[in-house]
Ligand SMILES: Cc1cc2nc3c(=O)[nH]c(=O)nc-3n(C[C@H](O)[C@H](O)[C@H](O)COP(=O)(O)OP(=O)(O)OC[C@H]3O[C@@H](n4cnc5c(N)ncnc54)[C@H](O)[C@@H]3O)c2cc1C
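Only one chain is shown below, in structure tokens, and it's the form predicted alone.
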């Protein structure tokens, strides 16, 4: 039976980064991804925003962590980011959970660069619906370039990678290790590992359910990102309206278009995983769901704030399951989930709400590998 120091489940960005980290710590690592390619689901289908704190005016910790992690990400992946546009944040005049003054003061308190937008940009907005517009410093990442970089890194580090391989179940061995059954393109297989790290995002509880392990409370949404062609007035510009039932439009580097998302219309429906209740396989729900675009509703509402959006051209929609911790609903925070010994000894669950969360997990993994106790 093949034996490894660590088995990483899930080949998204977090799984690839975790596998490389473990390999550099001296572990023999097996990485299993059930899809035919790495970073092909949630790591690809998202807004591609590298957060710099501006998105979280109601969560001081998330904003501060984003501020700390933003330069780290740019330094580590300089060839994988798009800095060819300027990101503007506007504050809605009605229905916003913060005022423009509160937003400005909060961003200054966390050290974020923020100033009123120049007149040529302000003229694009309808100030009956927008209180203020600010120029910020934020960029996008290219998930295709990021995937190439990470795959080269894990392969160069000597991680054993298996595509088209789903980890079906986990069980504790008599020696205290973990035995995993795999469904591979050539049939069933069994491997053993001292540690298992579940980085499968929306599939975290699917593996737990199949293995008879406790369910972690999670909220899932079927989400739509509309890809659009933009009018000339928006070239080189990204816009996010805060902080309520508003929208965002910004470049999506791998496709050469922009994504339009809306707090009200991007989620099509939602469901939750709750302990003690029957849980649904999120990817199964995704496969069965009817997917009809809400672009007409998105653009009609967004154009009230940014009238030039009426000239947007719909291209297609990107669909995926978005998964968050239920506690994030109160303040829109995006803490990282790191559940150590999640029902089995040395079985650990990792989930990040945004790409820069990856730096918040490294210290926790190092504690696991050193045998240190968890923080209170």
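Residue numbers count along the first chain shown, from 1. Because the structure is a prediction, the values reported are computed rather than measured.
What comes next is about the form predicted in complex with the named molecule, which is not displayed.
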I need the one stretch from 234-242, 293-301, 106-114, 159-167 whose residues put non-hydrogen atoms within 4.5 angstroms of the named molecule in the predicted complex.
159-167
With the named molecule left out of view, choose which of 246, 89, 197, 201 has a non-hydrogen atom within 4.5 angstroms of it in the predicted complex.
201
Among 348, 27, 34, 67, which has any heavy atom within 4.5 Å of the named molecule in the predicted complex?
34
Could you confirm whether residue 23 comes within 4.5 Å of the named molecule in the predicted complex, counting heavy atoms only?
no
Would you check, heavy atoms only and a 4.5 Å threshold, whether residue 93 touches the named molecule in the predicted complex?
no
is_contact(residue 223, the named molecule) in the predicted complex, heavy atom dist at most 4.5 Å
yes
Examine residue 141 and determine whether its closest non-hydrogen atom to the named molecule in the predicted complex is within 4.5 angstroms.
yes
Residues of stretch 295-327 in contact with the named molecule in the predicted complex (4.5 Å, non-hydrogen atom)
320, 321, 322
